[in-house]
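Just one chain follows, in the form predicted on its own, and it is written as structure tokens.
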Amino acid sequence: MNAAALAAELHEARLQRRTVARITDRVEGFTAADGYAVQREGIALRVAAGERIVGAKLGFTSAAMREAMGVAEPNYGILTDAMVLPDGEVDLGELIHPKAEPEIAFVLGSGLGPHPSAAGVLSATDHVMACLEVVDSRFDGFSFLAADNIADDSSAGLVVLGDPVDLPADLRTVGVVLEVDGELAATAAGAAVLDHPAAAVAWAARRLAAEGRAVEPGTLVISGGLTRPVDLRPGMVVRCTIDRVGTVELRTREV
């Protein structure tokens, strides 16, 4: 297993907007730990190209998704500044398999230690935001196993953030409404993510700490999909409204 070579392959696939075969079909015994090794190499390539790490993202946070994928726990990916869209306009011509899903984003006001709890995350949170994550896979047919997904930075693509708000009293009970072109697409509650979005952030912080990565003040963490993802096509408007958290909207185009 050559982590650097696999990372370079995925990096070029993203830049050239092409797909590659699943790693698990080509590398015998490819594990989640191998996937994280490839992920680290891939993020290093992005940093070398001038991007800056701003936070992390969660994947497989819903029980239904973990059961469907046959995995026992979530995973995480790394976010860079180039992934955060300032205006909510998504150019589909730069993506391969774009899908949008609503999430709750946390920005930490203080750092987290190596073993944070959900309560510790809430205490450390400066503000939260409604978020639409645009996930994108570099694998053929958007088909992958968990280890492939980890290597591909947990299908990280783009992030659109709403306005910052103070932390609501109970994120478990906030209602979530996802609309596509003005029509209702899905609903959920905050508890859809590991029973509490802050629990997902705590899980990611513990895993990052185990890798020697500190979760520092100002870190952005998007806590995982609250509903099923929506396939994106040119000319769409996707809106996410989260009770007591706010609204965020993206618009798609292709040039």
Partner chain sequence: MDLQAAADRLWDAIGRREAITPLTADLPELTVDAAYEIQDVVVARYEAAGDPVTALKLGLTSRAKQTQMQVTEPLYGWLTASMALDVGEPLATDTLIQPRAEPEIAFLLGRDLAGPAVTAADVLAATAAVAPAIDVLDSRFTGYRFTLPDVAADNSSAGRYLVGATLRDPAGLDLRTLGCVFRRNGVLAATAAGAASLDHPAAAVAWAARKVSARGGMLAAGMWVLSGALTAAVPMQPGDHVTVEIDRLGSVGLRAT
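Numbering follows the first chain given and starts at 1. Being a predicted model, the structure only gives us computed values, none of them experimental.
There is another form of the same protein, the form predicted together with its partner chain; it is not shown, and what comes next is about it.
When its partner chain is considered in the predicted complex, only one residue from 146, 160, 112, 176 comes within 4.5 Å through any heavy atom, namely 176. A single residue from the set 51, 41, 195, 34 has any heavy atom within 4.5 angstroms of its partner chain in the predicted complex; that residue is 195. The closest heavy atom approach of residue 172 to its partner chain in the predicted complex falls within 4.5 Å. Residue contact with its partner chain in the predicted complex: residue 209 places no heavy atom within 4.5 Å of it. Although the partner is absent here, residue 25 is not a contact residue: none of its heavy atoms lies within 4.5 angstroms of its partner chain in the predicted complex. Its partner chain in the predicted complex comes within 4.5 Å of no heavy atom belonging to residue 45. When contacts are defined as a non-hydrogen atom within 4.5 Å, all of 188, 191 and 241 contact its partner chain in the predicted complex. Partner proximity in the predicted complex, defined as non-hydrogen atoms within 4.5 angstroms of its partner chain, places exactly one of 113 to 121, 152 to 160, 180 to 188, 89 to 97 at the interface: 180 to 188.
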